[in-house]
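What follows is one chain in C-alpha cells, specifically the form predicted alone.
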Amino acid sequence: MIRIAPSILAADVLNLERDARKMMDAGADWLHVDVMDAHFVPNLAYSPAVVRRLKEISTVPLDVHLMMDHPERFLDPFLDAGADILTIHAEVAGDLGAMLGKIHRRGARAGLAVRPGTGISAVIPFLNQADLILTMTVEPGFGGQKLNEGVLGKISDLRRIGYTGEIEADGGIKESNLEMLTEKGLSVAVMGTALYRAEDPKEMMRRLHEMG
C-alpha cells in the first residue's frame, strides 16, 4: 500500500499542531517536514525546534527533508529533535556516504534526494546506504507547483536496476496523478495542498491508499 506523507509546509503556520493532528487522524503514514535554508532553495523553513515539538505529538514517523547547502552541520540537531527519516540532497558538496552513515549510526533511516534536473546516476553509488530515494517532481522551495511528468522515469529506472528501498516523490502530487506514480514504482507520496484543502481528508486518504 502506498504511504502518504502530508507536508506541513502546506499547513497553517499558526496552527501546525492542529493541522498535523488533522492529517494523522485522517490516516497519514508519515509527516513530511521540509527544511530550507534560503540558499539551496529560495525559501526558509523549519528549524529543529519545530521538529522537536512535532515529535511530542506525532504518532507517525517524522520524515525530515534537508534542502540545505551544508546538511552535515545540522544532522545532529535534527536527529536530536526526533527525525525518524532524514534526507539530504545528492547535489550538495561534502561526503554523502559519511553523512548517510552518520544518520544510520544515530538510529534513523537515511534518504537521498535529487532535484528534477539531476539524474539517478548521482544516487547510484549510494543505493546500498540509502533507505529512501526522494525524487523531486517540482523544483524544491515552494508548495503548490505542478508536477513535472518528465522526471517520472527516474522512479521506474530505480526499480529497473533493482533498488528495493522506499522511493518517495514530492511536488504537485494529487489524487488525479498518484496512480501514474505508483505504477512506476513509487512507495511514498508527499502531498500538501491537495490534502489540506480536501473537504474530507480522511475519505481522500482512504482513496489514495487504495491506489498503491
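In this text, residue numbers run from 1 along the sequence as written. Since this is a predicted model, take the numbers as computed values, not measurements.
Although not depicted, the form predicted in complex with D-xylitol-5-phosphate (DX5) is the subject of the following passage.
- Taking M99, V114, A108, V138 one by one, only a single residue has any non-hydrogen atom within 4.5 Å of D-xylitol-5-phosphate (DX5) in the predicted bound form, and it is V138.
- In summary, among the residues G172, G27, G185, G165, the only one with a non-hydrogen atom within 4.5 Å of D-xylitol-5-phosphate (DX5) in the predicted bound form is G172.
- D-xylitol-5-phosphate (DX5) is not drawn, but in the predicted bound form it has a heavy atom within 4.5 Å of T193.
- D-xylitol-5-phosphate (DX5) is not drawn, but in the predicted bound form it has a heavy atom within 4.5 Å of L9.
- In the predicted bound form, D-xylitol-5-phosphate (DX5) sits within 4.5 Å of a heavy atom of M67.
- Proximity of K154 to D-xylitol-5-phosphate (DX5) in the predicted bound form: non-hydrogen atoms within 4.5 Å are absent; the residue sits far from the partner.
- Per the 4.5 Å heavy atom criterion, D-xylitol-5-phosphate (DX5) in the predicted bound form is contacted by stretch 144-152, the sole one of 49-57, 157-165, 175-183, 144-152.
- Applying a 4.5 Å heavy atom cutoff to D-xylitol-5-phosphate (DX5) in the predicted bound form picks out no residue from 76-105.
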